[in-house]
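Presented below, as structure tokens, is a lone chain in the form predicted on its own.
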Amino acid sequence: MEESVDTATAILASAAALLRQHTFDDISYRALADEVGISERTVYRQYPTRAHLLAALSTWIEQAFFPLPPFVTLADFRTAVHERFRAFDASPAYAYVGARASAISLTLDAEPAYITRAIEAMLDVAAPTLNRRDRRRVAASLRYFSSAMFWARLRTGFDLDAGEICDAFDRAVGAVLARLPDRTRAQP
């Protein structure tokens, strides 16, 4: 590594680089250690299990390659997700890591993710009278439909490209929002 970075970040950057040639399952702790120039034991200290490594790698990749632009309105949200799906199509190996990580249930973070909080804040503006329970249900649906998991299922299961996945996303979001009573939505 040319610049000085902490060990955990160096491991994640090396794992991401190795993803260009190998699947996540084919990347060993030994290969990571050799790539970074550290002992295999150091890799295990940072990431005791492959699930920990996968979760950390997913978070790092999301921040480095797939940051979600801020959004306030539903239109901004749709635009941000469309951009993200196009980025997933451009780097599918990275997107699949995010999809796979979302399928594991580590309890590393008790705090809701940024996207969950941002969607709930958007709903506070878009549907101000929506009760807390329904807002959380709608937020959960929107979070799933904007996820790498949704993209990966449509990409691998139906061989859709980013444009087609964006269309499916728009329809899914439309169906979720259509179920909201009219009185909950903000008037323009």
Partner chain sequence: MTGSTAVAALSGTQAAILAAYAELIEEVGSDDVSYRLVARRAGIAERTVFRNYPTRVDLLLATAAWIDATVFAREESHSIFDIPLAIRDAMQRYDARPELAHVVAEAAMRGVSGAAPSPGRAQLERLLDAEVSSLDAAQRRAVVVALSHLDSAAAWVTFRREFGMDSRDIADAAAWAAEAVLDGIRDRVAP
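On a predicted model such as this, the values are computed, not experimentally measured, just so you know. Residue numbers count along the first chain shown, from 1.
Heads up, the form predicted together with its partner chain isn't pictured, but that's what we're talking about next.
Contact annotation: of the candidates A87, A80, L74, A113, the single residue with a non-hydrogen atom within 4.5 angstroms of its partner chain in the model of the complex is A113. Within 4.5 Å of its partner chain in the model of the complex, a heavy atom is found for all three of S102, F150 and D167. In the model of the complex, E120 approaches its partner chain with a heavy atom inside 4.5 Å. At a distance threshold of 4.5 angstroms between non-hydrogen atoms, F145 is in contact with its partner chain in the model of the complex. Within 4.5 Å of some heavy atom of its partner chain in the model of the complex lies at least one heavy atom of R171.
Although the partner is absent here, R179 is a contact residue: one of its heavy atoms lies within 4.5 angstroms of its partner chain in the model of the complex. Residues of 123-144 lying near its partner chain in the model of the complex, listed in sequence order, are R133, D134, R136, R137, V138, A139, A140, S141, R143, Y144, the criterion being any heavy atom within 4.5 Å.
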